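Have a look below at one chain only, the form predicted on its own, in structure tokens format.
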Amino acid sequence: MKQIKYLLLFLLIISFQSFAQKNNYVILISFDGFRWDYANRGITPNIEKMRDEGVSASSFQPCFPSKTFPNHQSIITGMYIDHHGIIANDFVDPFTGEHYRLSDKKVTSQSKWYRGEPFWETAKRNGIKTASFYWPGSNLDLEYRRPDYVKKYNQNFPYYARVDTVIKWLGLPYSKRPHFITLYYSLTDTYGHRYGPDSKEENFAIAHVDSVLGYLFSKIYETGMQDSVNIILVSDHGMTNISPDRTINIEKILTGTKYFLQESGPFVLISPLSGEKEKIYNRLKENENHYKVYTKENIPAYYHYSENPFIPEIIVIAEKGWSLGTSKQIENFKLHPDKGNHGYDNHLLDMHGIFFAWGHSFKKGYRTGTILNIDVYPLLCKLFGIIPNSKIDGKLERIQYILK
């Protein structure tokens, strides 16, 4: 009798998984640098549609550092940054001297840098076809580690045409049709850096990406698939105002010491040369003003930024709106000043992004508090009825309440 019960339960689970996969489509969209409060400016009617008809979070918390590539990996793998391995936009492998930099497409496509399992890899293993019209880390050199359909990044590719491609994918014969699709747009990040988060130019960028979202909605309704499609809209981080008058010269503070420095602006990573660690840390601690300095051992646990071997021995985090760097970096910053930046403490509200979810699987008109970006991966697994990778940091219990 017990065996029959277990068999029936097994068949029920298999049946549920099959139903969840066959009758479900999820489009995950990222608006890079779209701060948590941009949707409250009265210029985003299509995001407001998602808020009214679906789920909205008060904010979407990134991981530290609140940078683009690291947090897109956290969203898609459900892992903290020190676990998936993309510890910054630019960093060095201290064991080989190899340099990971987001501007180098050949390097960013090398699978060896990525320790996490992105959702499309999990989905493919479960027989679900996937596609990506851009997502950092989607174009890896190993076939099984990338989506079935991938577009190589080209920031100049027209925004509306990206939607048209997604709709074409959804119109493919069933056996070839992707059920999970990512979309990525960088405009709000670009304009936020260049003009600042409170500028009229940033408002233009906000309104423009919102209009693209509206175009996607209209196309989905044209296909008649609105009852099968779920849309999740997120951003990787927020943005805050900066000024060339608020800079801290790390090179001057550390005059006479020997070290290797990575990154600049909101945080810097310092690798002291042999025997210099205590001297460098003490010098930075004595001059601690508008920044905080930590060793890898004493950085607060809430940053989740200490367990990766690529993270250097000393981490310096600037106060919001201040910028760290060498003499050359600061000179360049003053000659070509940005007005906005991100990468600061991920608990600062200015660093938070957005989370909206719309579709047949989500509650209607449901508003909630802050959602962690590492919890999106287990949510995706739940939507498709598949088992998550066992190494994730995300937790379904923190997010599943938004589902019907």
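None of these values were measured; they are calculated from a predicted model. When you see a residue number, it is the position in the sequence shown, counting from 1.
The same protein also exists as the form predicted together with a small molecule; that form is not shown, yet it is the one meant from here on.
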Check all three, 257, 281 and 313, heavy atom within 4.5 Å of the small molecule in the predicted complex: no
Where, among 350-358, 46-54, 64-72, 363-371, do residues come within 4.5 Å of the small molecule in the predicted complex by heavy atom distance? 64-72
Within 4.5 Å, heavy atoms only: does residue 306 come near the small molecule in the predicted complex? no
So, in the predicted complex, is residue 322 in contact with the small molecule at a 4.5 angstroms heavy atom limit? no
Even though the small molecule is not shown here, does residue 102 get within 4.5 Å of it in the predicted complex, heavy atoms only? yes
Please run the contact check for residue 153 against the small molecule in the predicted complex: heavy atoms, 4.5 angstroms, yes or no? yes
Contact residue in the predicted complex, from 208, 292, 193, 177 (heavy atom within 4.5 Å of the small molecule): 193
Considering the small molecule in the predicted complex, which of 197, 136, 116, 265 comes within 4.5 Å of it through any heavy atom? 136
